[in-house]
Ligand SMILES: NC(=O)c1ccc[n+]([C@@H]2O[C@H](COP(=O)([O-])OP(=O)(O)OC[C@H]3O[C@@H](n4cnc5c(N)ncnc54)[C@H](OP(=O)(O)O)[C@@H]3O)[C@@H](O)[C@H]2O)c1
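Presented below, as structure tokens, is a lone chain in the form predicted on its own.
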């Protein structure tokens, strides 16, 4: 389904820029994309991609899709300016961390069409993972439009329960940082065991890339099965995995996710 509608992005930071890049790559015309931001970075982004930039909510356009990509602490101050766009044909797509549907409805009224999403940073290279949840006003056509838009920066998945967004935040939203931490520590361990820094980092980055792609392309195999394919009895991999087991990595990861989830609930 084409997305040749007037699109307005509130906030042209890193995620806003990633979405513009993805939309343009998918074939959406820059003439269909508008943004609101007052930063110099946003001005440079708008000039780079040939989109129209405003410094406040515009009066001269009638957007069909409004993407809210601002910091949570700015929501109360800024979103009310866009209440004038609320109508049955306009969809608000939120990528504001921790901001619930109820929060948006309080500001925009319960008549607003709202979709809450949680993308992650790999969206900046078109490899993101975005979860979506729609309020009761959203119809199937609008859901499809939102999904098509977010698919320009990666994969998507719909939630049936908004409360799951906190767990999504802890897994895919924060998840890239967990993997980067493991990559960082594997690199450091390689250096401590004699590898030059550049070589250690190259080994780790390409191993992570390969493992991730293998998992993605092996849809019929679970991570457990893929792990077992690498592990020979009494071999080097088993020796390393035994250290993880001894230090209860399962409990560590469980606690990491629980902590991030609880923080998401707190921010909400």
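Just so we're clear, the structure is a prediction, and the values are computed from it rather than from any experiment. Numbering follows the first chain given and starts at 1.
Form predicted in complex with this ligand: not shown, discussed below.
S.K.: Looking at 156 to 164, 71 to 79, 136 to 144, 185 to 193, which lies within 4.5 angstroms of this ligand in the model of the complex, counting heavy atoms?
M.R.: It is 71 to 79 that comes within 4.5 Å of the partner.
S.K.: Among the candidate residues 95, 90, 101, 168, which is the single one with a non-hydrogen atom no more than 4.5 Å from this ligand in the model of the complex?
M.R.: The residue from 95, 90, 101, 168 that makes the contact is 95.
S.K.: Among 39, 218, 237, 207, which has any heavy atom within 4.5 Å of this ligand in the model of the complex?
M.R.: None of the other options qualify; the answer is 39.
S.K.: So in the model of the complex, does any heavy atom of residue 120 sit within 4.5 Å of this ligand?
M.R.: Taking the distances in the model of the complex, the answer for residue 120 is yes, it comes within 4.5 Å of this ligand.
S.K.: If we define contact as a non-hydrogen atom of the residue within 4.5 angstroms of the partner, is residue 20 a contact of this ligand in the model of the complex?
M.R.: Output for residue 20 is no: heavy atoms all beyond 4.5 Å of this ligand.
S.K.: Given that this ligand is not shown alongside this chain, does residue 260 nevertheless sit within 4.5 Å of it in the model of the complex, heavy atom to heavy atom?
M.R.: Looking in the model of the complex, residue contacts with this ligand do not include residue 260, since no heavy atom lies within 4.5 Å.
S.K.: Taking this ligand in the model of the complex, which residues of 249 to 268 have any heavy atom within 4.5 Å of it?
M.R.: None of them.
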